[in-house]
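Given next, in structure tokens, is a single chain: the form predicted on its own.
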Amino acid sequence: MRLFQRKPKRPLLPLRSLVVMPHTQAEVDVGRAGSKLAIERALSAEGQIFLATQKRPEVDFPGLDDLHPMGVLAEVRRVNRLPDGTFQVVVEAMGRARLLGLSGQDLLWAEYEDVPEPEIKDPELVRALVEKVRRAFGQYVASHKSLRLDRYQLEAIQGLADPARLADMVTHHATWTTEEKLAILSEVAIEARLERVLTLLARDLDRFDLDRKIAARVKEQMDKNQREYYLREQMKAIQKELGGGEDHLAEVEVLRERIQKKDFPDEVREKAERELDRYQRMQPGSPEASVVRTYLEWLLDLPWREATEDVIDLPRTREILDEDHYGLDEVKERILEFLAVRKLAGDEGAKGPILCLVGPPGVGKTSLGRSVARSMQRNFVRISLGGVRDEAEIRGHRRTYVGALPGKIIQGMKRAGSNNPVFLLDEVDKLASDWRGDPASALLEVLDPEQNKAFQDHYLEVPYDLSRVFFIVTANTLSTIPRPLLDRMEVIEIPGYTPLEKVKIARHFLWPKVSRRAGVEGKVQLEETALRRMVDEYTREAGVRGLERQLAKVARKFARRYLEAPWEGVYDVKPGDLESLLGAPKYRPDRAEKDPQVGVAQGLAWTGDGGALLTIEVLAVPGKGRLKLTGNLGSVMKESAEAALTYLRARADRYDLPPDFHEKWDLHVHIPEGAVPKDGPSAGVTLAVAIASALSGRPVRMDLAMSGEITLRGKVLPVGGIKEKLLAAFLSGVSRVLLPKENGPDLAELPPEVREGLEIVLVEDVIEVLDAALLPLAPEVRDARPAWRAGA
């Protein structure tokens, strides 16, 4: 049995970009000659015509391959002939038909077969699909902007009982593409046709919903802009009536223009615009308006992305450091290494440790930072942390407080004017903490390269990038710096200057500067011996700040003398002139004693002012074995005296000491200059020598000085400050020095004149020290010792 029955031929009307669905009417414009013949032939015959859509609209003479195989058989209902020769034809499609072949030349005849509607295989599915299509098409018509269907037409379509006619009618009215409608026309099965129609309706409903949301958002933004404009105009009018409004609005516009031109990070720009809107709505004279205005000024004045271009030229940096500072070779080498890494590694090199320059006052720590900035052509800013005990000094105050300001870090960045300055944090060891917080803890974020790229200042309330800042920290001592803060820094020790170095600094740096400031440059010159006496007898410091003051005093004296009685040439200042210029000497230079002494030994000390000769005196008197220590000694030095005494008790026979001296003799240990605090373990061997001399009666050599820590086993342990101590020994006239053997590598730092002028003996045990320091007893003393040992 055949499913399709062969039909007679019908005239063919090819359609361009148009699909006519079954059971619908359509209006077709006909202009091609062959198509007009087809219409004329259809009107003279049964009025039926075959409608097929072209695959490519640009083809004027389509063949069988140019036409879509599925079309419709239609009846011509009306033809309007227009003046230009075009036909307006109204056709009514009857049903689907499949194109089988073509014939004819000017007039094409279509051979076709009808495609009847198939039986429904799943009535339940079709019923559900029909309900969804009806509901979706109702929403589609309501949401579509260009589809014009009245309520009656919509109800008529939704009321169709035939599922096939419903699908075709919805497709006819929908604004889908030609390809999408052809796909539905070609779908014979009812279920598949309804599903395809429902899919396209759901797609368009989603698109309509998205368009509606976008339109609503645009309308809302437009309404907001119009509302703001209206309110702003109202505010202008109100403020104009109140007086002063025009100035306020002009100021707002100036701030707005500055914000637009400023290269802000996105988060900061958003914050600035939000605060500006608040400021615009405020009364100009209100306190809160002043707070907001100050805040905006801070945001605008800070360098967020403004930077200077780095110039890292190591030979030039070395030249600048040598020009500004004498000596300090180790420090200069470390700075050059640091800059070399920054140049090679780029931004990664900037994440290296923070430099911490540690040394006594006046050695040039601050000026080193300034020289680094000058060599890199970066801006330089310095803040002093001495005495800071409030955390808000670092992080700033919140704006809720009256008179709130950013912290010292942000204030320094504003002064610098760039986001990559050399930032010197001076006197970090003098930070304090109390109930207001711990500023050292606040510095942890500032000095951590992993955290400071988003530093949080309480006043700004937005993160500030400190990662490009070259931080240099200075301190006089490490003992008071918190360990977590010290862990973030690389420490560079800057020792005090030796007297020889001070003389050279005074001659080549200080005196030219102070004489130029006083106006006596080229008129007065200090002899080197005068400078040496000034260093020894008029200053006592590790740096040269006091020396500079004394030189400035001399320059001022000569400036007055020159105005009162000018002279020709250069006046040479000799050592004997210093008393008339500076007064009596303030300090007595350390001088070693010449004759051997009993109970007296010379040690070497290291102080903040450099090295010093330390004389230790011990006197044994009848008593009950008490040990008395005087001279403002610290706990560590007292323990060193007790350790030395215990060591000698254990070895009394070796040194011919009274076996019962710890019961019948009191020992008084005294170190002169009692007003000066003294502490540390390095006087252990000196104490042992002085106590052994006092108990045995053997004199101690006075051309000898020593330093080293003592243990109960008699070991001599290494100590610090070797360079300063040996220099003090050299200047005091000592010819021989006993040092721990483990301090041997430290001798490489000595100046050549010191190394050649001293005999340095390295020892490991106290026995070596006592044998080298104690002289034999004189015969008359040795004969009298039995009575002394008996306690008579």
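Quick note: we count residues from 1 along the sequence shown, nothing fancier. Computed from a prediction, not measured in an experiment: that's the story for all the values here.
As for the form predicted together with a small molecule, it is not shown, yet the points below apply to it.
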Check: Just to confirm, residue 364 within 4.5 Å of the small molecule in the predicted bound form by heavy atoms?
Finding: yes
Notebook entry, point to check: Though only this chain appears here, would residue 513 touch the small molecule in the predicted bound form if you measure heavy atom gaps against 4.5 Å?
Noted result: yes
Note to self: At 4.5 Å between heavy atoms, is residue 495 in contact with the small molecule in the predicted bound form?
What the structure shows: no
Notebook entry, point to check: At the 4.5 Å heavy atom threshold, is residue 655 in contact with the small molecule in the predicted bound form?
Noted result: no
Item checked: Stretch from 81-89, 355-363, 450-458, 131-139 whose residues place a heavy atom within 4.5 Å of the small molecule in the predicted bound form -> 355-363
Notebook entry, point to check: Given that the small molecule is left out here, which of 485, 669, 164, 505 has a heavy atom within 4.5 Å of it in the predicted bound form?
Noted result: 505
Note to self: If the cut-off is 4.5 angstroms on heavy atoms, which of these, 325, 271, 262, 649, is the one near the small molecule in the predicted bound form?
What the structure shows: 325
